[in-house]
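Shown here is one chain on its own, the form predicted on its own, set out as structure tokens.
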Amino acid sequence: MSELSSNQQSQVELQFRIRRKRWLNVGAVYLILILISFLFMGPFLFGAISSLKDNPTEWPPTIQTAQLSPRNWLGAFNLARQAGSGGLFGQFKAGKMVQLKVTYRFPAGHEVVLPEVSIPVRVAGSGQAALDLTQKYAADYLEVSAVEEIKRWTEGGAIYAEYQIMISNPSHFNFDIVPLNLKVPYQVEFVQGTLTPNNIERLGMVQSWKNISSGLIPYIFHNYDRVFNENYSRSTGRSLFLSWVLNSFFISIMRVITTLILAAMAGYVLARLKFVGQKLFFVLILFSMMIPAQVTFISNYLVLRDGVFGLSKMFGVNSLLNTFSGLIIQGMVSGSAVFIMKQFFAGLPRSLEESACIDGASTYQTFFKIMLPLAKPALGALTILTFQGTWNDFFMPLVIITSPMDKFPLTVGLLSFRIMYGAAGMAWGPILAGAIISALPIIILFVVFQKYFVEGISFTGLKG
């Protein structure tokens, strides 16, 4: 009996070791996957955090930023509410007053003085909004009502002083941007405040706020707010960045629709139907996949310039350049899309078509009612690949659409940011914010269609 129990105990210990080893292996695999995902997603996450910073090029780089501090969130919200707005989105309204508190550290033996307060004249960023000559400046209307010391204490030999600054708007105008500068003597250190300053300059003597009444959302996403609001079309008055995003969505969706329809039909024909020159046609499709777009762009450009051999003139259009139609037509379907669909349909059993034929279904009915619904995995994979390729396409849109700026897709529009922000004002925050926005649709699309993407890619390698 004791011998039997010892055998059972040894079996239990053996099973425990097996389970422990299995979980250790699983844990090691998950750890490796997490490290790999961090390797790929790390730069994107770091870029997303840096896009919130006032100075994303700071050195040494850090993931800490004032825009992610809950203390500053509360300060931005309260200041916006004092200014007369809801708190989430701020505006300094007429007849309102804002109370800002700051704390400074004075070295031992240093004279304690009140900070010098000024409201500077600042244009709305460095984009096209800066050229608006009709804008009113807060510096011309707002007043610093009072600056007073409310607390003083000594700690570690240094003197700490807390000040209260009252800013009022006696005018009848509302201001979206209210900058503020505080100046203190040399060696006086800023400790904390209702809202952390955006910049500390001149050896720490000047603390600068870009907008003390911005509100919570514009404070956190300041660079994103600049991207949408600082650049607008002079002809329509609409936000250029919003137009670029909508243009990219329109072009990408249209390319996805045309690619799915044409590639599915062509792939089914090549996989199932027999006709003269079928193999030659398939070889030509494979050959087209090996030719880069830069080789054929001149011929494509000339075809679009002449309106597809003059056919567009029948509709009153002399040229397809600088049109969405030309951009969609030149990439309506690709050889790789036809290849994916051909391989998928070749992997489906022929008994499905034979059963449909016995029931009296025509070729079109078999394709649309039986084969096409079964092709959802391949269509999902093709949706991701086509949308991603079109959304990120830069070369052909740059060649085909050159004016006006309202028609630019997002990739070409971001190129103009290099001049608006990079070369002109060295403001890399909006450029980084625009790049992060351009990456979000691809990430969301892959998360939604990832199941179809994996199934579609795995099925394309099968043959019936």
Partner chain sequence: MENKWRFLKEKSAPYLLLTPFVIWFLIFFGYAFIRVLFFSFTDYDLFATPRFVGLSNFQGLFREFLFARALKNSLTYAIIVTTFQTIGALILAVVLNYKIRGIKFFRAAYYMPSVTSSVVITLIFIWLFQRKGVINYLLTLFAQYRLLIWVFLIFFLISQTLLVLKEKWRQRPVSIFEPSYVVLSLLLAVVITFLLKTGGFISILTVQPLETIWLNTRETTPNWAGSLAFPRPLAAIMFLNIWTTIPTFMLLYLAGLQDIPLSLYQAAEVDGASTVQKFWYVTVPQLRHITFLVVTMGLISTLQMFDQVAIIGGQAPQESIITLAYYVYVTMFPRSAIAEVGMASAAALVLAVLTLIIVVIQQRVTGERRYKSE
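None of the values given here were measured: they were computed from a predicted structure. Numbering follows the first chain given and starts at 1. For the two forms, the rigid core is made up of the largest set of C-alpha atoms that agree within 1.5 Å on superposition.
Omitted here: the form predicted in complex with the partner chain. The next part is about that form.
Exactly one of the stretches 175-183, 331-339, 219-227, 112-120 approaches the partner chain in the model of the complex with heavy atoms within 4.5 Å, and it is 331-339. 363 is the sole member of 363, 208, 168, 72 with a non-hydrogen atom within 4.5 Å of the partner chain in the model of the complex. Interface residue among 88, 147, 308, 139, judged by heavy atoms within 4.5 Å of the partner chain in the model of the complex: 308. Contact check at 4.5 Å (heavy atoms) against the partner chain in the model of the complex: all three of 37, 297 and 303 pass. Taking the partner from elsewhere, residue 414 is found to have a heavy atom lying within 4.5 Å of the partner chain in the model of the complex. The partner chain is not shown here, and in the model of the complex it never comes within 4.5 Å of any heavy atom of residue 16. Not displayed here, the partner chain is kept clear of residue 448 by more than 4.5 Å at the level of heavy atoms in the model of the complex. Within this chain, residue 392 lines the site of the partner chain in the model of the complex, having a heavy atom no more than 4.5 Å away. Shown without its partner, the chain has 24, 25, 28, 29, 30, 31, 32, 33, 34, 36, 37, 39, 40, 41, 43 in segment 24-43 as residues with a non-hydrogen atom within 4.5 angstroms of the partner chain in the model of the complex.
Superposition of the core reveals a Cα shift of 2 Å or more for residue 258 between this form and the one not shown. When two forms of a protein are overlaid on their rigid core, residues whose CA moves 2 Å or more are considered shifted, and residue 150 is not one of them between this form and the one not shown.
In the core-superposed comparison between this form and the one not shown, the C-alpha atom of residue 222 has shifted by less than 2 angstroms.
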